[in-house]
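Here you get one chain, nothing else, as structure tokens; it is the form predicted on its own.
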Amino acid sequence: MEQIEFDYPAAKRRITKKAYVGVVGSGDMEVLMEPAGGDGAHVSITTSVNGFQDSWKAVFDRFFSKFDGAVKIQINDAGATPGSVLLRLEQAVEVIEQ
């Protein structure tokens, strides 16, 4: 298991809701998203696949280039592809913006 963390200090938009999407047991991943309580976003990833920090960084750089919410994101990953990661993140955003 590998633990990866990223910070995105430019994310400033206040978020008031929480979201939980996905299922780890399905060989995919789960995303927990909640308000950060201040400026910036923090991402914490626990993954069963080691050595892909650069790939994770690229996915989140792309995500935060479009999303400016000040959130805490916790991801529990069981080998999801980058496309699945973006899908789950977009699903979480839909939940918090409803």
Partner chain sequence: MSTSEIFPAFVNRKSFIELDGRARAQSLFDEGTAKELVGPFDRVESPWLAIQGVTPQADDGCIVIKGKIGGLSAVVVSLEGAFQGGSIGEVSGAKMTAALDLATKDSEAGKKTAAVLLLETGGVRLQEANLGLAAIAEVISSILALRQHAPVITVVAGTVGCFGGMSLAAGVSSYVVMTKEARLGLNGPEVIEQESGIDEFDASDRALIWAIHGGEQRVGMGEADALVEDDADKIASAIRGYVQAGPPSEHRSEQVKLYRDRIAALDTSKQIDPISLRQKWNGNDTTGGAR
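Keep in mind the model is a prediction, meaning the values are calculated, not measured. Residue numbers count along the first chain shown, from 1.
The same protein has a further form, the form predicted together with its partner chain, not shown here; the description that follows concerns it.
At the 4.5 Å threshold, heavy atoms of A10 stay clear of its partner chain in the predicted bound form, well away from it.
The closest heavy atom approach of A19 to its partner chain in the predicted bound form falls within 4.5 Å.
Not displayed here, its partner chain is kept clear of V43 by more than 4.5 Å at the level of heavy atoms in the predicted bound form. Although the partner is absent here, M1 is a contact residue: one of its heavy atoms lies within 4.5 angstroms of its partner chain in the predicted bound form.
For the marked spot (Q53, A58 and V85), a heavy atom within 4.5 Å of its partner chain in the predicted bound form is absent from each of the three residues.
Contact annotation for 33-56: residues with any non-hydrogen atom within 4.5 angstroms of its partner chain in the predicted bound form are M33, E34, T46, T47, S48, listed in sequence order.
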